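Shown below, as structure tokens, is a lone chain in the form predicted alone; questions about how it binds or moves come after it.
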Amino acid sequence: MNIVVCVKEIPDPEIPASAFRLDPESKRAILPGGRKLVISDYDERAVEAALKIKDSLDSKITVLSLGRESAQDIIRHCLAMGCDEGILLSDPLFDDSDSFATAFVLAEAIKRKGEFDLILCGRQEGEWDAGQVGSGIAELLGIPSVTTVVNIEIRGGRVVMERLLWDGHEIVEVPLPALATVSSEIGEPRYPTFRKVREASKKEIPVWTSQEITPAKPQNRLLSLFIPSHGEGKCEFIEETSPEGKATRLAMTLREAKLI
């Protein structure tokens, strides 16, 4: 079983929003000094889903990440969790990719790598929350995709997946090869052991550039990036003695403000 997991480095979600600065010219959020990028929580759950399959079925897990050189750190984190190999896709021509361009480069890398049975992605991006890359990869490769998956079972040449809906769960069966975007309900990611961390630190991570992978032109353009401004809040106390009077006065105040 050949499994490919796509992962991404993002700003640490624990960093408070007030710590970021915005560069209006480059339209980028600038991290506070000394803070490293980390693996997206959603993508780490996709790694855990792949490892659960490997626990019960002979499998090889390849991690792909599109990013800068620093993304080698999150690839090594995945190797320490139990994945077998990692490939970094890094080139200035890959920078500022939108969801389409990212999906295109990842799909081309998967085709270049060769045989695969299952592709796993996080259910959405950890910073932009777009949730488009996984489905985009499947569309470009011409394979079935299932989103928000919480359980995966391999049955011969098919995969049975339980997916999360807003009002319940759904069981979907599709032929392999296929792609799944994994929801957080798949379970907590396992913690790398010290021995695995040391082994991962010694593994070579190939870097594929635009010499190996053709970049794609982004289809979206970021017009502006800004911190929303909030006006001064106003508070009015309802001066009534009885609960009924307070409710009536509140309703009339909301109607006058055209809020109801």
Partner chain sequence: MDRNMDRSEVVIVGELEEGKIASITAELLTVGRTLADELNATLSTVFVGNQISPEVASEAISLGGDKVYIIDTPLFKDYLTDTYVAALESLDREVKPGILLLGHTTLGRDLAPSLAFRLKTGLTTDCVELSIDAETGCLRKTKPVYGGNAWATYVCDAGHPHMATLRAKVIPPLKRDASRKGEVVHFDPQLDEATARVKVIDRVREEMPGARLEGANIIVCGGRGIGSPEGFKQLEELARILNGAVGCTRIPSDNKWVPASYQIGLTGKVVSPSLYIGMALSGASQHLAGISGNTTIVAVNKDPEANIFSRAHYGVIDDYQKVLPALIEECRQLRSSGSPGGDDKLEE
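Rigid core here is just the name for the largest C-alpha set that superposes within 1.5 Å across the two forms. None of the values given here were measured: they were computed from a predicted structure. Positions refer to the first chain, counted from 1.
There is also a form predicted together with the partner chain; it is not shown, and the following applies to it.
Student: Quick check on this chain: which one of Leu89, Ala103, Ile74, Leu120 has a heavy atom within 4.5 Å of the partner chain in the predicted complex?
Tutor: Result of the distance check: Ala103.
Student: Though the partner chain is not shown, can you say which of Glu85, Glu153, Asp96, Glu127 has a heavy atom within 4.5 Å of it in the predicted complex?
Tutor: Residue within 4.5 Å of the partner: Glu127.
Student: Is there a heavy atom of Thr214 lying 4.5 Å or less from a heavy atom of the partner chain in the predicted complex?
Tutor: Close contact is absent here: in the predicted complex, Thr214 is far from the partner chain, nothing within 4.5 Å, heavy atoms only.
Student: Does at least one non-hydrogen atom of Asn2 fall within 4.5 angstroms of the partner chain in the predicted complex?
Tutor: Contact check for Asn2: no, nothing within 4.5 Å of the partner chain in the predicted complex.
Student: Given that the partner is absent here, does His169 sit within 4.5 Å of the partner chain in the predicted complex, heavy atoms only?
Tutor: Taking the distances in the predicted complex, the answer for His169 is yes, it comes within 4.5 Å of the partner chain.
Student: Does the 4.5 Å heavy atom contact test between Gly142 and the partner chain in the predicted complex come out positive?
Tutor: It does: once the partner chain is placed as it appears in the predicted complex, Gly142 has a heavy atom within 4.5 Å of it.
Student: Pick out the residues of 204-227 whose heavy atoms come within 4.5 Å of the partner chain in the predicted complex.
Tutor: Going through 204-227 in order - heavy atoms within 4.5 Å of the partner chain in the predicted complex - the hits are Gln219, Asn220, Arg221, Leu222, Leu223, Ser224, Leu225, Phe226, Ile227.
Student: Would you say Lys111 moves its Cα by 2 Å or more between the shown form and the other one, aligning on the core?
Tutor: Superposed on the core, Lys111 moves its C-alpha less than 2 Å between the shown form and the other one.
Student: Using a rigid core alignment, state whether the CA of Arg158 is displaced by 2 Å or more between the shown form and the other one.
Tutor: Shift of 2 Å or more: yes.
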